[in-house]
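Okay, so here's just one chain, in structure tokens, the form predicted alone.
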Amino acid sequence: MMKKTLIFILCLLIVLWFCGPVLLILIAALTPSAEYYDLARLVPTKLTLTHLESLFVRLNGWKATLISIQTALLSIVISFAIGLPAAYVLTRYVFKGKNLFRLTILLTRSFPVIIIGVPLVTLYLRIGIADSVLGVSLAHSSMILPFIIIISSSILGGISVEYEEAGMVFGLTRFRSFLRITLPLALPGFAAAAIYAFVLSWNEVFISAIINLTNRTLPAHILNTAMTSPDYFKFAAGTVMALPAMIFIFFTRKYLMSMWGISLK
């Protein structure tokens, strides 16, 4: 009994450690401006949605939110279109330098984003995709792609190649065997990888801030507007940034578990 109690207390402390700051941000975002700076009140007597409404309506947050969603979804499509074939080759074929190639993929994330920021803007201005959803999506895809390749290769590596070979014995091509046999087995893991890619794109701010001036994503929009506003607007912006990713992960958490289970085999 004592052991179960200690485990319960430990789990509760871990939950409070991770969820406590989110709860405090949410309370601060819903606190009326008249009570926010009242040090005698730690807990507000009432809650209001005025700050969140002002963020979306007065500060034009709806447009930035839609752009962020479009950018994240397009980044996922681009990353999987390039990363999935690369991951398949890494797991299904043997060639010289394969491990070096894996390492090189990860090394691309060792360069600070600020180094490629100015050259990227110059290139985008020349080819005409600056200040566009496509331009930011391509930049986000370059950051997401290494993780998609590594995660997808670990997922495919946990699925026996014998399934595909059995399908080819019965007349399927390698591509159709992958679509009909391997892809359904790997789909939960790919969904988890897509979730991870969505969160990476959703939270990215630097590239979005320097590439787009009028079509900013939500983090860049918040950096440009809400950060010059009172503190309760900042907490409202932080709530808007955190909640979508948390809700998305909550409803798809079983796919995250599937990815971990497959990749650890």
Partner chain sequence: MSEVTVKEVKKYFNQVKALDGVDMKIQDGEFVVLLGPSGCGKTTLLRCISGLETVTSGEIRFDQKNVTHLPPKDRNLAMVFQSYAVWPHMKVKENIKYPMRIKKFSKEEIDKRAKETAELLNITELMDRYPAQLSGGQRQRVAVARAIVLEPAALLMDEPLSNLDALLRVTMRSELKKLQQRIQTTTVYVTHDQVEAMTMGDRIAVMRDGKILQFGKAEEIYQRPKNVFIAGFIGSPQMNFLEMTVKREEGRAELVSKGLSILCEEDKVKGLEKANLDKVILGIRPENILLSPENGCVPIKGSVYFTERLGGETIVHVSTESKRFVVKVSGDALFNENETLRIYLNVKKTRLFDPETEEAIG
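Numbering follows the first chain given and starts at 1. These figures come from a predicted structure and were not determined experimentally.
Just so you know, the form predicted in complex with the partner chain exists too; it's not on screen, but the next bit is about it.
The partner chain is not shown here, but in the predicted complex it comes within 4.5 Å of a heavy atom of Ile181. For Asp131, no non-hydrogen atom is located within 4.5 Å of the partner chain in the predicted complex, even though that partner is not displayed.
At least one heavy atom of Gly167 is located within 4.5 Å of the partner chain in the predicted complex.
Interface membership of Val77, defined by any non-hydrogen atom within 4.5 Å of the partner chain in the predicted complex, is ruled out.
Annotation for 141-166: interface residues with the partner chain in the predicted complex are Ser160, Glu162, Tyr163, Glu165, Ala166 [heavy atom within 4.5 Å].
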